[in-house]
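One chain follows as structure tokens, the form predicted alone.
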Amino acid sequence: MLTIVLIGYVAGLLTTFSLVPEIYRTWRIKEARDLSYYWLASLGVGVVLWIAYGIFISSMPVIAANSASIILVMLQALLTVRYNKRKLKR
């Protein structure tokens, strides 16, 4: 059982932190025009549903990974809105 939980945590880490390079890139170049609001919204809703699923099945790896993911999704959404709004003012 420990191996299964470990696999869950590793999978969660890899998928959760796959957002970090995009967040870093957006922050570094101060531009997000190539990101879709629909993508961010669907990803956010999906992550919230994964958290709910993790709670229902009492799976800490699912809950932990997706709780971190929703924070990263919200950060990316904030950066996208901020830098797209700045672009519109020019």
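Note that residue numbering follows the sequence shown and begins at 1. All figures in this text were calculated on a predicted structure; none of them were measured in a lab.
The form predicted in complex with another copy of the chain is left out here; the points below concern that form.
J.: Should Y37 be classed as touching another copy of the chain in the predicted complex when contacts are defined as heavy atoms within 4.5 Å?
T.: Result no; Y37 lies far from another copy of the chain in the predicted complex.
J.: Flag T15 as yes or no: does it have a non-hydrogen atom within 4.5 angstroms of any non-hydrogen atom of another copy of the chain in the predicted complex?
T.: Heavy-atom contact with another copy of the chain at 4.5 Å: present for T15.
J.: State yes or no: in the predicted complex, is some non-hydrogen atom of R25 no more than 4.5 angstroms from a non-hydrogen atom of another copy of the chain?
T.: It does: once another copy of the chain is placed as it appears in the predicted complex, R25 has a heavy atom within 4.5 Å of it.
J.: Would you please decide whether A32 lies within 4.5 angstroms of another copy of the chain in the predicted complex, comparing each non-hydrogen atom pair?
T.: Result no; A32 lies far from another copy of the chain in the predicted complex.
J.: Looking at another copy of the chain in the predicted complex, which residues in 1-24 have at least one heavy atom within 4.5 Å of it?
T.: Those in contact are I4, V5, I7, G8, V10, A11, G12, L14, T15, F17, S18, P21, E22.
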